[in-house]
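First, one chain by itself in C-alpha cells, the form predicted on its own.
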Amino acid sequence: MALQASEKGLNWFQDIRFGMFIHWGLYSIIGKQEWVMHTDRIPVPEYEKLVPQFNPVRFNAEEWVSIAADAGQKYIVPTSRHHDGFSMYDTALSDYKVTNTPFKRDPMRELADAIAKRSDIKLGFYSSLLDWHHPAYRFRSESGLAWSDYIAFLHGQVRELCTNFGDIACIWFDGDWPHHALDENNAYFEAGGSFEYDKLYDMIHSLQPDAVVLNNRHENPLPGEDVQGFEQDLPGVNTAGFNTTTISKLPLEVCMTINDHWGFSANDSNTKSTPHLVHLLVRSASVGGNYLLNVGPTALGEIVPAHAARLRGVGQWLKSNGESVYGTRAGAIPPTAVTVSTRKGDTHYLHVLDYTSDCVTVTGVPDTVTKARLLNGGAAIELERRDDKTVLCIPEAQRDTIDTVVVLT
C-alpha cells in the first residue's frame, strides 16, 4: 500500500486554507508567461541565451515572505523547476541552474531561510514532471540517454527538495496530463515510460512524513497523492476545460492566477480585485478547499506592486474575519447565489457576499442554531425561521462591503 502524508500533516494542510503560488524563472525576462518556450517554439540553444541575462537584483526573500504574511497566506510554493527545465535552486544534478547566472545566488535557499525565522508560514515546492531542456526527456536519440536517465534526474531533484530545505509543506507536481498532447515535446508518451509514482511518492512520504503530495493531473487522485487539485476553477466546476468535475474525499486545493497568467506577463494588467479574491478564498473554503493564489515576479525579482496591494487587501479582511476561514471545514448550509458557509464543529459561518435585499434567506440551517451575530464586532443579528428557511436581516450600516460573516450558534 502506498504511503500517505501523516494525519498531522493533513490536518495542518486543511487548517491553513490560503497559500502563495510563485511562478518565476528565465521566462520572466521575455515577459510573455511561463510557457513561452513552447508557445513561441524557441529552440533550446536560443532559450539558453537567457541564462547570462538573468540577474534579479531586486529579489528580496524577506520581502516576499512579508507580503505573504500580510496577505494571511500560510504556505508558499515556488517553482523549483518549471517545464523549461531551468532549476531555480542550486541543484547538484544540473548545470542549468540559477547559481550559474550573473545572480549567482540560490533564491529557494533564501526563501527557506526567511521562512525558517517565522512560525506562521511553511515552504513547499512545485516540481515539473516534464522538461523541455533535459536531453533524456526530449533528445534521447541524439544524446544516447534513456528514459531511465530522466527518471533518475527527476527523482534525484525531488530528493534534494525533501532533504536540503528543512521541513516542507508539500511537493506540487505538474506536467502529467492524461490525453494531453504536447506536440514535439510529448516525450513521455513517445518513451512509453512512467514517472514511477509509487517510488516517487513513497520517497517523499518517507523523507517528509508531514508533507502532502499534490499532482496537477486533472484526473482523480492516485494512491500516494494526498490532495486533489483544481486549476483555475472551484471544485466541481470546469470552465477551464481540463478539470475533472469528480470531487474525491481527499483534502482539496484550488490554484488560480491573480491576473490571466502564471508567469510574469508584461502586457497582462487584468488584476483581480480584492473583493473577488476574498470571494474565491471563501468559496474554496466553503467546499473544504485551500486557495493557492499565484504571483509571477518580474525578471528583476519583484512581486508586481498591484499584486502585492491586492494580496494585502485580502489580508486586511482576514484580520477581522480569519476565524471563518482558518481551521474550518466545508460548510453544512447549502450555498445560494449570494451566500456560502464554513464551519467549526457546531459553529457555522455564513458568508454574505452580495445583497439583493435587506435580508438574506438560506435553507439547511441546523435546528440547533438559535443565535446569530456578526463575526466582526459581535453585534446580534435578527434570525427568523420560516418553515425550512432561515431569514437574516443585517442592517446596512453593519455590512462588510467585501463579505459580511454571520456566526450561527
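Quantities reported herein were computed from a predicted structural model and do not represent experimental measurements. A residue's number is simply how far along the shown sequence it sits, counting from 1.
The protein also exists as the form predicted together with a small molecule; that form is not presented, and the subsequent description refers to it.
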{"property": "Listed residue that, although the small molecule is not shown, lies within 4.5 Å of it in the model of the complex (heavy atoms), from Cys255, Ile258, Leu123, Met108", "result": "Cys255"}
{"property": "Contact assignment for the small molecule in the model of the complex, among Phe153, Tyr326, Phe195, Trp177, heavy atom within 4.5 Å", "result": "Trp177"}
{"property": "Joint contact, Glu34, Glu231 and Trp262 to the small molecule in the model of the complex, by non-hydrogen atom at 4.5 Å", "result": "yes"}
{"property": "Heavy atom of Phe21 within 4.5 Å of the small molecule in the model of the complex", "result": "yes"}
{"property": "4.5 Å heavy atom contact, His307 and the small molecule in the model of the complex", "result": "no"}
{"property": "Non-hydrogen atom contact Asn216 with the small molecule in the model of the complex at 4.5 angstroms", "result": "yes"}
{"property": "Proximity of Phe165 to the small molecule in the model of the complex, heavy atoms at 4.5 Å", "result": "no"}
{"property": "Contact stretch among 332 to 340, 68 to 76, 264 to 272, 82 to 90 - heavy atom within 4.5 Å of the small molecule in the model of the complex", "result": "82 to 90"}
